[in-house]
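First come two forms of one protein chain, each written alone as structure tokens, so that there is a structure 1 and a structure 2.
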Structure 1
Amino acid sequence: MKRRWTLYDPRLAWMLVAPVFLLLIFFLVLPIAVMTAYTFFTFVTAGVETSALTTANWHEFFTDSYYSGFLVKTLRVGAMTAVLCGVLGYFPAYFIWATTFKHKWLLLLLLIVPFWISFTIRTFSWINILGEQGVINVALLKLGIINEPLPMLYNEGAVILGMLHFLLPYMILNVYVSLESIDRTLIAAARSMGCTSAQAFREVTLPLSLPGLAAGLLLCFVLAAGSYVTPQLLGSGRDALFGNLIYDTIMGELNWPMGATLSIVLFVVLGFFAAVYTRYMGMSQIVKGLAG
């Protein structure tokens, strides 16, 4: 007798997710596989490579300190950006969660307003703020505080500042969602047992909000370490990150095999940190934070 399909039939579930799997294979797995294959191609000259397999690209990456220096610097800048986002983002998230303001939704709306403006335009705006003819330098010169413009642009500090501007809302949303999941009766119970507000925060609120903080740190670190636009606009050649190195290798030198090698390296390194986080914390908190 032929079995009829039901609403919860596993075959129906597979049919529904099959298009997504196919898209993932076509747009994610296939490009990565092609780039991985390219890492073993032989570079001949600009824009020319052969399919003769070689490990020369990997050997060059592991033996040339030029590449490892870029990687270490990228991880350092990504970590600094993530930590600063954590420190600066926790307090606004706590304020939004703890406030008794009737229209709390308005605070959350203001938080996501920057997303309505193009990220590139927001990054360009920092040139008008930090440049030699920017708002800060012009104001300081007119006030007589400085005699010549301060070099605030095209350095690592400007890159980190630009990425803070971009990533801080992601951190605040992750921490806020984590705080919202806390049962407030636990805090009331701690207070009823004699804890001060500071002790209740330290013993109850902070530990229970750590998953959101950890998710925000991972998200900010991965996005900062893989960024290209901000270092390109606010940094200089000396302060470029690994993403800029990949772009210059592929588009400037037309060295696809080496560019593919660098791309796979960045993919594996960032994937390692994401895998470690997922192993111990899971991905649900990040999904909640992104969903707001």
Structure 2
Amino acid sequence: MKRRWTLYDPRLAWMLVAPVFLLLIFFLVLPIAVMTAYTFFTFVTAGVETSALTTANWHEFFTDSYYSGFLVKTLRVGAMTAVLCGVLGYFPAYFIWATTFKHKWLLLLLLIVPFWISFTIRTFSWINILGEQGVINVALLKLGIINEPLPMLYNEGAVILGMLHFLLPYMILNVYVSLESIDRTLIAAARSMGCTSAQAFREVTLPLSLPGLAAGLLLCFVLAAGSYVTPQLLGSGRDALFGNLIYDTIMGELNWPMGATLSIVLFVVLGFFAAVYTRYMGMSQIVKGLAG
């Protein structure tokens, strides 16, 4: 006998989530599984590999300092970007939260607008600021402060600046969301107990906003360390990051097994940081941050 459908039937729920579930299985889980298998395939020549199992790719990765150098640099740039985002992002988030300005939504909207503008365009637009004929160089030359244009593009600083531009709104929104969830009477209580505003900030506001800051740091770090376009446009060949290495290995050298190995390495390393974060903070904060 068929069981009757109940109001919140689990079977119905599975039917509703089926499309997304299938999409995630075929486009996320399965690819990563196949990619893991591919790391043990033998590279024959550009675009050709055999399924003869080998650990050569992993061996090459662990012994060739070329790869570990890339990894270290990527993690360093990611960490620097995340920290800078945290420092520079906290102030605006706090300002928007604490301001008595009537049109707060406008301040928030102004932060969301850059989100909509094409990422590629936002990245290359920095060339108009930093380039030899960019705003800064032309202004400094006209003022006679320098005689030759400063080389500000195509180095690590430019890459970090570009990523900062891309990631700051993420950070600000994350911190803002966690500030918004603070019960303001707590701060009033702290003040009435004799705290100065600085003490109230240090003892109440800052600790309560830390989850948002942590979520922002993780998000910025992961997105920066996985970036491809920014180092491609604003960095030189020397400042390529792990994402560029993967792209060149797959699309340039057509060495698929090595490309898969590098992808899995990046996946595991970033996954490690995300796991540590989840262990201490839980997933919910980052969910709040992403939903804006």
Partner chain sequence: MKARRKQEGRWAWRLTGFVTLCVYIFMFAPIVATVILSFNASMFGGFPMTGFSLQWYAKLMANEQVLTAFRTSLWIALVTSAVTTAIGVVTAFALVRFEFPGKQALSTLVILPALVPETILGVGLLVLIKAIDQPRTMLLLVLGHILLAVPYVVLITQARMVGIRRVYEEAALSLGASRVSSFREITLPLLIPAVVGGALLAFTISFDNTSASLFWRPAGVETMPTQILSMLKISISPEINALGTVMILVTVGIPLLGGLILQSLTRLKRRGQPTEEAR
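Please read these numbers as outputs of a predicted model, since none were measured by experiment. All residue numbers here refer to structure 1's sequence, counted from 1. C-alpha atoms forming the largest set that superposes within 1.5 Å between two forms make up the rigid core.
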Structure 1 or structure 2: which matches the form predicted alone?
1
Determine, after fitting the two forms on their core, whether Phe272 shows a C-alpha shift of 2 Å or more between structure 1 and structure 2.
no
Ile25: CA shift of at least 2 Å between structure 1 and structure 2 after core fit?
no
Rigid-core fit: what Cα movement does Leu16 have between structure 1 and structure 2, in Å to one decimal?
2.8
